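Next up: just one chain, as C-alpha cells, the form predicted on its own.
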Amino acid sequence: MADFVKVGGLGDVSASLPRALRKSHDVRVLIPGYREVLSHAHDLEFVSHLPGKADVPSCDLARFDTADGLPIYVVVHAGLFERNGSPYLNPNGQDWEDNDIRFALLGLAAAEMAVGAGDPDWRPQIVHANDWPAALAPAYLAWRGARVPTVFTVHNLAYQGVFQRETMGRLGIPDQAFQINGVEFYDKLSFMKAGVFYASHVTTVSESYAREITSAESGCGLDGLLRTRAAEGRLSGILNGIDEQWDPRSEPSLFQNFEAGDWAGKRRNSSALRKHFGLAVSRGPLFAVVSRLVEQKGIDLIVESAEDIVAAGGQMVITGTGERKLESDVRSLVERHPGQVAAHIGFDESEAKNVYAGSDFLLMPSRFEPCGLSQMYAQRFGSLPIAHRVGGLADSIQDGVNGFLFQKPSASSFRGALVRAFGIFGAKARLNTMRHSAMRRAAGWQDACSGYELVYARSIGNS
C-alpha cells in the first residue's frame, strides 16, 4: 500500500481504490505488519488475537487510522513481517523461504475477520483479496464452509505464488483440495489458482487483460479455469484509475505548475528536467522511461532502440530499478551517450512526477501489461505514451489521439511508433492537440468504483 510500502502498481491501487469506495461504503484495509507499516501506525490499537492453523502461527490483529480516516488493520507477527528487504524478497533479492507461511497468515487472518473473529465492533459483508499474497483468503473461507462472498483481483497473472506440494500440510490445506478443481498446479500448490478457483467472482485490471488471460498464450497455465469463469459470468475486467492528486496544476514538486494549453510551462519543466539529469540543451524530443527494469516491460527493446532515438536528435531519461542485467544495460547506454541519455537506478515519486512533466513521450513497450499506471500518469502530465497494444495499454491509449500504439513487442514494430512520434513532434499544432487530449482524458476512479460496486452487489446477492 503506497502510504507505507510500495512494490509495483498494486501499492497505488491499494491506496486509491479503498479511498474512492469510502464515499459510499465502509471499506477497511488489512495488511501485514511490515516495519514500514508499523512505523506509520500512530496510536496502534490491538483489537484481538487470531488463531493459527497447522504451522501457520497465531497473530495479533491491530488497528490504526490514516490521517484522512481510512481504517487499517495490521496482522502483527514480528517474526514473519518485521524484516529488512522488501515485502516479498530478502535483502539479496531472493524470495523469502517462508513466503508460504507469511502470506497464508494474511489470508487466514482475513478469513477469521470475515467470520467475526477479528474486530468485535465490525464485520465485513464481503472480502476483496488482491493478487497471490492474499489469495488464500477465499480458499480458507470455502474450506470452513463460510458463506462469505469474496472477490479476487488478479493484478499480474505471471506472479502466482507457487510452492511445493509438501507445503499443503504446513498451511492446513485439506488433502481433497489438491486436485485440478482446487489448488493443484502441475503437481504443486498455486496460491493464485486457489484465489481464482474459490472466489465468488474474479476481476482483473483491464477489459483487454481479462480477455487475454483466457488464452493459452497469456493464461500462464490457468487459461482453462479462467475460460470457465468467463463463461460463468464470473470474470470481469475493470480498468484501474489514478489518484486525482497527480495533477500538474498543483503538484508542489514541479519546477513550474502548468495545465493543458500552457505549453510554455511544460517546456520550462523540460528544461529543468534536462538540467537535473545533466542532459545537453536540445530542441529535440525528450523520451522518458519510468518503470521497473524487467523483461516484461520491454526494457531490452528500449535499449536496442536508443541508438535510433539519439541519432534522430532525441534524448532519453530512465528511472527505475529491477533485474541486474537490465540495470547494467541501462548504465552502459548512459556511458555510450553522455549528455543525451541519463538514468537514475532507483525510484523517487517526486522525481517521477518531474519526469512525466518534463518529457514529451513515455516509452512503454511492455510484452504484457495487465493495466499499467505510468501511461495514465504520463497523459495527465502531457507526456504522450508510446506503448504496445496490449492489456490496459490498449484500453487507456487512443492511437494517434492521446498516445501511440504498436502491434507487436518487437524492435521493428516499436521503431515504427517512434518514427510516428518524431513526425508528430515536428508538427507542433498536432502535438499540442494530442497533449491536450491526453491531459483531459478522464482517468479517475469513478468508473472503476462503479464496476466494483456491481461485482460486490452481485457477489453478495449470490451468496
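Sequential numbering from 1, following the sequence displayed. Predicted model, so just to flag it, every value in this text is computed and none were measured.
What follows is about the form predicted in complex with ligand GLC, which we do not show.
Asker: Counting only non-hydrogen atoms, which stretch in 262 to 270, 216 to 224, 363 to 371, 176 to 184 is within 4.5 Å of ligand GLC in the predicted bound form?
Answerer: Of the stretches listed, the one contacting the partner is 363 to 371.
Asker: 156, 205 and 240: each with a heavy atom within 4.5 Å of ligand GLC in the predicted bound form?
Answerer: Each of the three qualifies.
Asker: With the cut-off set at 4.5 Å between non-hydrogen atoms, does residue 292 touch ligand GLC in the predicted bound form?
Answerer: Flag for residue 292 set to yes.
Asker: Mark residue 18 yes when one of its heavy atoms lies within 4.5 Å of a heavy atom of ligand GLC in the predicted bound form, and no otherwise.
Answerer: So residue 18 does not count as contacting ligand GLC.
Asker: Consider residue 296 of the chain shown here, and say whether it contacts ligand GLC in the predicted bound form, taking contact as heavy atoms within 4.5 Å.
Answerer: Flag for residue 296 set to yes.
Asker: Is residue 10 a contact residue for ligand GLC in the predicted bound form, using a 4.5 Å heavy atom cut-off?
Answerer: Yes, residue 10 lies within 4.5 Å of ligand GLC in the predicted bound form.
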